[in-house]
Every structure is written in C-alpha cells, then in structure tokens.
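In the form predicted alone, a lone chain appears below as structure tokens.
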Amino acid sequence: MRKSLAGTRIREQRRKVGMTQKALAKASDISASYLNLIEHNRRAVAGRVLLGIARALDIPAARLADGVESALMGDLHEAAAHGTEGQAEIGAIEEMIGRFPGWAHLLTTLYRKTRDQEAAIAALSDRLTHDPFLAESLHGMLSNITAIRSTANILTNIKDIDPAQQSRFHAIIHEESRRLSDAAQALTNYFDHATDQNSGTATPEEELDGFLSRNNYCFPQIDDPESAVTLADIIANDPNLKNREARVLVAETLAIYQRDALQMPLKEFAKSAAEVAYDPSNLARLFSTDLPAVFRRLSHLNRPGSPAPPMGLIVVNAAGHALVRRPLPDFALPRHGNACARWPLFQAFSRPERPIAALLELPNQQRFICLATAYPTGSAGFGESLEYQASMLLIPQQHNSIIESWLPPTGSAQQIGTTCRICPRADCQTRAEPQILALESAR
C-alpha cells in the first residue's frame, strides 16, 4: 500500500508561502516535532489536524489530503515505459506527484496526447492500406499515367503518323491528363478534409471522453422533460467537438442517454433507486428494462446535490474493445490496450444474462464492489448468432453500507489490476504483457 503523500504537499505549500515549520506548527496548534514527522510522511494527517494546517496555509484541506488518482499514477508509469528505457526514476513517481503535482499533470497530459496521436497515426496508416476510395483513386491515377505515357511514346517514336491518328492521340493525352488532374484534385480534397476532421484531439474516442468529462457524465438538459434543448444543440454548443466522427460518437452516446432518460426519468429513478438501496435488479423490474440500461443510469446519478454513491461503468464488446467508459478517480479504465483479464466483466461472456457480483481489490489495496453482466445487443434470426456486450458497474467499498441489504455474498476479494503494463502483481497467471514496474527493480 502506498504511503501518504500529504506531508510532502504540506511541506511544499509551507515553503511556497514562506512559513517556517515552527510558525506553521504554532498556527496549527500542534508541536513542531509532530509537524516535522508529518512533513516527512512518517505520521498520517487527517481530521482536525489537517483542517488546522490547511487553515493556517489558507488553502482548502482537499488540496493537502491524499487524493492522488490512480489514473495519474498509471499514466506516469506508462509514460516512463514509453520513453527511452532506463531514463525515468519510476520509484520516485509518487514523490513527484506529491511535490510537483502541476508538472505531473502536465507530463501525463503530454503523454496522453502522444499516445492518442500514435493511435491516430496507426488509424490513418490502416486507412491508407484499406480505404477503398484511396485504392480506387491511386489505381485510376496509375491508369491515366500509363495511358499518357504509352500515347506519348507512340508520338515520339513513330515519325510518319497519319494526321488523323496523330490528332486522335493528342485527344487521348488531353483527356487522360484531364482525368489525372481531376483525380489528383479529388485526392487532395480528401486528405485536406481528413486533416481538418482530425485537428485538435487525436482520435474521436478522445474527443468523446473529453466531452463526457466536461459535462460530468450527466446532461440536465436531457433529463429535464420540459427543456427545449435538442441533442443537436448540445453538440453545436461545444466548440471542442471538431472531429466529424467524434460528433457522430457523441450523438450516438447522447441518443442512448436520452432513451434511458425517457424510460427512467431522473427524479422518479433517483427516488426509486434510493428506496431500493440502488439495487439494479429491482430497478430493472420497476422500470421494465434490462440491467445494462440500469447500469448506465446509475452511473449518471452521482452529481452535485445527489446522495447517490459514485459509480463507475465500462462496457465492452466480445473483442474487449471499450464502448463506454465512466471511470472513477481511483479505478482507471484503459482506453488503449487491453484491460485486466481478471475483471468479472470478461467472465460474464461465459455466462450471458447471469449477473455476477464480486469484491475486487487493486494492487494499492483499494476495494470496489463489482456488478457485471453480458446481454445481447439485439435479436437473432434462425441460423444467426447473438452478439453480446458486457457491462461492469463499480462501487467503492466504502459505500457498502448503502447497498449491503441486497448485495449477495461476494466472498474474499479478487486480486486484480487495471492493465498488465502497470500492474505490480508479479505472480499473475493471466499476465499478457511485461510489467513496467519491473524496470525500476532491474536498474
């Protein structure tokens, strides 16, 4: 379990405002020796002491408390492995976050952009290889060039060509040149359009994630039945949505949100959810819907003024591709690469439409209640196979008292990670990639 970094943040903030350790201890009504232990992370700090120190430093207590997100830690570990091997001091990442949070966030932002740009380059490379328009355009241009070259060769090497034939060859060169010019212009326009559409955020998925995060994953305009705001208005009013494909993804996401809101109106759903202790099965029966829809609605409940516990959500297809991501601060949900194979999310595919409840424990010993299920995306005709998606709802264990009335026994905690690359569990039998953390011990 990682040590507290609150002391490091207190020390850095004290130095920033120019206070001595003695002065801060006096203002906080604690001894200087006790403050010294706190600042060196040898004593935990919380409650009255934390509030007193925060008051003396004139900053919110939340800025000093342990709130390091696991996603930030994971991204820094990935960034370390992404760069030149052996250059980054992986063992000092926690200290860096505690002492220089601004730099830590800047580095992770730059790393995410680099990672997403690489994903965009891979997508464009794949497009160059498989896009039928490009293949057809290039084939047509080669045909035009071949025709022009062959005709020009005839005119150059044959001296006594009949004037009528010569005129016909000139017409062929003119026509093929015009077609070549048109094809080149169409190809240029195509690439210009692709460049404009991919400006800003590297991938459509990245823009979708940013859009949802900016809106805190909830949309009061859609939840209000009397609102005149349309889905198109919501999209048009966000200047950060520059990618046409991203706008399509956002429109699809908002349409699903709207469908859920119509079937499970916010006020009625929130009231019913509180009455049944947020039991998804009970809510599915009350609103005549399926568990995945209830999972989505529950993940949107936690918002300012709502007593609902925070809930994370991830939905994947049978290939493991993330379709929906609603991360929690301490449970990172990867967008690129594969998630932990131990997640019940993937086990749900082997027992479709049979809900799974489990207690999960991350390597930092944080625990989460997990509810997972796999449901078909539609109906199948005779001789056809059903397509399934799996959904996993995550609830921090500290909210267990709210849901324990209906939660079935989960047994002992299942040891999981987020992704193999940043998981320190060296003895994991399902590991698919080497762990980055091993780099530090090997140095």
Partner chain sequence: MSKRVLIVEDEPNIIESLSFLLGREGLEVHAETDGAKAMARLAEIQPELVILDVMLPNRSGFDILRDIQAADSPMPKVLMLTAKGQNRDRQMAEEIGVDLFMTKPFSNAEIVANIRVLLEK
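Think of the rigid core as the biggest set of C-alphas that the two forms share within 1.5 Å after superposition. Numbering follows the first chain given and starts at 1. In this text, all values refer to a predicted model and were calculated from it rather than measured experimentally.
Same protein, other form: the form predicted together with the partner chain, not shown, and the subject of what follows.
Undergrad: Taking 4.5 angstroms as the cut-off for heavy atoms, does E252 touch the partner chain in the predicted complex?
TA: Although the partner chain is absent here, E252 would stay clear of it in the predicted complex, with no heavy atoms inside 4.5 Å.
Undergrad: Even though the partner isn't displayed, in the predicted complex is R179 close enough to the partner chain, meaning a heavy atom within 4.5 Å?
TA: Heavy-atom contact with the partner chain at 4.5 Å: present for R179.
Undergrad: Hey, in the predicted complex, is S143 touching the partner chain, heavy atoms inside 4.5 Å?
TA: It does: once the partner chain is placed as it appears in the predicted complex, S143 has a heavy atom within 4.5 Å of it.
Undergrad: Heavy atoms within 4.5 Å of the partner chain in the predicted complex: does I154 have any?
TA: Yes, I154 lies within 4.5 Å of the partner chain in the predicted complex.
Undergrad: Let me know the one among F100, F349, F169, Y217 whose heavy atoms come within 4.5 Å of the partner chain in the predicted complex, would you?
TA: Of the listed residues, the single hit is F169.
Undergrad: Which residue among E353, D233, E175, E89 has a heavy atom within 4.5 angstroms of the partner chain in the predicted complex?
TA: Of the listed residues, the single hit is E175.
Undergrad: In terms of non-hydrogen atoms within 4.5 angstroms, which of the given stretches 300-308, 236-244, 134-142, 275-283 touches the partner chain in the predicted complex?
TA: Stretch 134-142 is the one.
Undergrad: Can you list, in sequence order, the residues from 149-167 that come within 4.5 Å of the partner chain in the predicted complex, counting heavy atoms only?
TA: R149, S150, T151, N153, I154, I158, D160, I161, Q165 sit within 4.5 Å of the partner.
Undergrad: Aligned on the rigid core, do the two forms place the Cα of R179 2 Å or more apart, comparing between the shown form and the other one?
TA: For R179, whose C-alpha is compared between the shown form and the other one after core superposition, the shift is 2 Å or more.
Undergrad: Aligning on the core only, does the CA of P265 end up 2 angstroms or more away between the shown form and the other one?
TA: No, shifts by less than 2 Å.
Undergrad: Determine, after fitting the two forms on their core, whether G140 shows a C-alpha shift of 2 Å or more between the shown form and the other one.
TA: Yes; G140 is a residue whose C-alpha shifts (by 2 Å or more) between the shown form and the other one when the cores are overlaid.
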